[in-house]
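Here you get one chain, nothing else, as structure tokens; it is the form predicted alone.
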Amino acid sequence: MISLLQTALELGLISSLTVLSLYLSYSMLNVCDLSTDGAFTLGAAVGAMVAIAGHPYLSLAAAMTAGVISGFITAILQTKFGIDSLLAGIIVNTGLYSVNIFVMGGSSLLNMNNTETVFSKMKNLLKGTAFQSVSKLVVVIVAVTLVAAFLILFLKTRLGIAIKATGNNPNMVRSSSINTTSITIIGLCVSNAFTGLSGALLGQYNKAVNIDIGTGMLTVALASLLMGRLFFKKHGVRMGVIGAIIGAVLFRLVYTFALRLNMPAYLLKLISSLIVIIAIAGPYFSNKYKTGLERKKLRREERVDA
């Protein structure tokens, strides 16, 4: 059970990087980037190819760079070509399928069993110490901590504040002589860098990358983000980032618990979708119910006064 929970924690933290990507693009910039699945696979594929070439640390930087390029293309389609953000994400996601196959050398599967990864490097580094058994967890904790710290600091800079302002009221930002096009491009580039890193870490964690590794990551990340917002809805950026990470871990624990109940694996995607529906529709129906109660109260008061 402890080993199972440790694995769930490790996978939850890896996926939390994609959740942080969505936190920046969806929650801050107010752009729903539907290219997440393809960008995740791109990061995994690029990271795997560079690691196989003998550069496990460089593979993470390469995966983030690939994510930046993916985000840049998505942003350019939105801002320069006048394509709707949802449609732009779908176009990029579709195109990335072919790109990912090309990056993987025409194969749909990359085997990394004999490849040195950042996880094997850390295991060798911690060999003979008390942390050897949790070497994978150490790697993902370091990665998530660095990304979370960067995101918190980034959103407190003038550029980060401009990203938040663009998401809240782009017309006001334009009236302040701020280029919302550049802001959108930078925001999507940074967010997709996190997605690429998440893909690379998962690929090296599994010691294998297949063309479907990123399928459903957008739904999982969105569900995790919304779960985190339930706990830290009215707090600032710092608690929002922490909430996103906690949401990713909780979601992975739900997955693990479902598997322990012998639930068929194919139902897990349905659970992801249901969580998203509940998290989005729940507040709507809650507000509608409260509004209905207030109206009934007013009607009763009017009858009494009459």
Partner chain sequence: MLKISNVSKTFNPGTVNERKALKGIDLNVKKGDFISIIGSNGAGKSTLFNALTGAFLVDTGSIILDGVDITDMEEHKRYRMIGRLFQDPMMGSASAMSIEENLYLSSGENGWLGRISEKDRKNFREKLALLDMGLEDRMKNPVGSLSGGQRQALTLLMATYHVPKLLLLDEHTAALDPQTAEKVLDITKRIVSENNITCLMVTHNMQSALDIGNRTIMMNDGKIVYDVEGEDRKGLTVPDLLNFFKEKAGAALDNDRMLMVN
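Because the structure is predicted, anything quoted here is derived from the model rather than measured. Positions refer to the first chain, counted from 1.
The form predicted together with its partner chain is left out here; the points below concern that form.
- Listed residues Val147, Ala162, Val138, Ile83 were compared with its partner chain in the predicted bound form; Ala162 is the one with a heavy atom within 4.5 Å.
- Asn171 is the sole member of Asn171, Asn113, Thr129, Ser98 with a non-hydrogen atom within 4.5 Å of its partner chain in the predicted bound form.
- Annotated contact segment (heavy atom within 4.5 Å of its partner chain in the predicted bound form): 179 to 187, selected among 98 to 106, 212 to 220, 115 to 123, 179 to 187.
- Using a 4.5 Å cut-off to its partner chain in the predicted bound form, not one of Ser273, Ala279 and Lys290 places a heavy atom inside that distance.
- Within this chain, Leu153 lines the site of its partner chain in the predicted bound form, having a heavy atom no more than 4.5 Å away.
- With contact defined as any non-hydrogen atom lying within 4.5 angstroms of its partner chain in the predicted bound form, the stretch 68 to 96 contains no contacting residue.
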